[in-house]
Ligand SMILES: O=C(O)CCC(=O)C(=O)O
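Just one chain follows, in the form predicted on its own, and it is written as structure tokens.
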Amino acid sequence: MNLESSVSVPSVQELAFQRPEKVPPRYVRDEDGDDVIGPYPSDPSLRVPLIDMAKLVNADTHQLELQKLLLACRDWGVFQTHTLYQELIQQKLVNHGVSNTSIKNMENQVRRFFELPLQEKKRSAQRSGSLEGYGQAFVTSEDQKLDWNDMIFLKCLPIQNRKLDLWPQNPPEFRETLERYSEDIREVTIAIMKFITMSLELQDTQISESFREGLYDIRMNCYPPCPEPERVLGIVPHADNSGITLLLDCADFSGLQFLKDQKWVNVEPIEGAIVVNIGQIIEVVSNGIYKAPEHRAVVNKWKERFSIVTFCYPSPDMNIGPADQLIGEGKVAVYKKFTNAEYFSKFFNRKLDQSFLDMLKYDQ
């Protein structure tokens, strides 16, 4: 089995409803030599960078904020932005941003979906041979350790990629809300990518514009309360294979963590903010200047947490390799160049514990 499909597993939410005193063995991560919970400590003194989009679009503050963006992408691979929407609209940088209404509606629809009875949610269950739908991702064997989460994963853009038989019809406004949200997030992604390529001093707008015809896949996560949160993970440490990833945290407590200098850093939710992290495609395009960071999700003993994650990819017509301006004249290419199809074939046809980026590098 390759990674484009997933074995059906029980609902974690239904398990949590039973209020068990102990975590079932298949979710326990601190036994049998499984070290994904450690050995890295968490560091409450570190804070994920905050990028002010209003300053990026303002000529007087643009250059200083662009330098902050460069450092965030280079040293962290992740940043939060909290003045994204209205400022972009006012500056007419994009046709429209993600309004607070769109965000609140999306959060509400996700909550309402996960509040449905299990049988209703199963109407959108994953089909054989696909990751799309309600279930869990990347479960390739019956004895594999499981994450403490349920998800629904849907391909949203371009429109022809949608499998509407998997799009919930209940709650009634779910489809319309997701359609609008995905279109909004595409415009924001194009704007962010313009600044990311600008920070790399790339004059060619082809990279940022490729996201206009790109792919947008949205994963909606539910992390139920857990009786032994220190023994499980909501999602194991990983880096995203996307161009960039935009995450909307629907909680008032931290659950997302990024690895920085061998320490896990909590991302404290900011109302209306989006967390933006570099994906492996942009790490390759930047020739390793920008890093796709390792991150994970932890869970809470008492509270349920939801998140809405958009994986943003460039056009399938774009080859994936270091930008021409970043190699040559003494700058050695770290990564090989691949067609889009080759890149994804390598990603999905590998062992789950195999380093994907190492597969893309020239032998050093």
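Not measured: the values here are computed from a predicted model. Throughout, we count residues from 1 along the sequence that is shown.
Beyond what is shown, the protein has a form predicted in complex with the ligand; the following relates to that form.
Participant: Where the ligand sits in the model of the complex, superposed onto the shown form by the site's C-alphas, are 3 or more of its atoms within 2.4 Å of backbone or C-beta (blocked), or none (open)?
Facilitator: In the model of the complex, the ligand occupies a site that, on this form, remains open once the ligand is superposed onto it.
Participant: The chain here is shown without the ligand. Which stretch in 109-117, 290-298, 200-208, 122-130 comes within 4.5 angstroms of it in the model of the complex, by heavy atom distance?
Facilitator: Looking at the other structure, the answer is 290-298.
Participant: Indicate whether the ligand has at least one heavy atom within 4.5 Å of a heavy atom of residue 238 in the model of the complex.
Facilitator: Although the ligand is absent here, residue 238 would touch it in the model of the complex, with heavy atoms inside 4.5 Å.
Participant: Can any non-hydrogen atom of residue 280 be found within 4.5 angstroms of the ligand in the model of the complex?
Facilitator: Heavy-atom contact with the ligand at 4.5 Å: absent for residue 280.
Participant: Quick one: does residue 309 come within 4.5 Å of the ligand in the model of the complex, counting heavy atoms only?
Facilitator: Yes, contact at 4.5 Å.
Participant: Using 4.5 Å between non-hydrogen atoms, is residue 136 touching the ligand in the model of the complex?
Facilitator: Judged by the heavy-atom cut-off of 4.5 Å, residue 136 is well away from the ligand in the model of the complex.
Participant: Candidate spot 156, 175 and 185, all three in 4.5 Å heavy atom range of the ligand in the model of the complex?
Facilitator: So, no: the whole triplet misses the ligand.
Participant: In the model of the complex, which of the listed residues (103, 191, 274, 256) lies with a heavy atom within 4.5 Å of the ligand?
Facilitator: In short, 256.
Participant: Could you spot which one of 247, 78, 226, 233 gets a heavy atom to within 4.5 Å of the ligand in the model of the complex?
Facilitator: Selected residue: 247.
Participant: With the partner left out here, which residues of 202-226 have a non-hydrogen atom within 4.5 Å of the ligand in the model of the complex?
Facilitator: Stretch hits, in order: 219, 221, 223.
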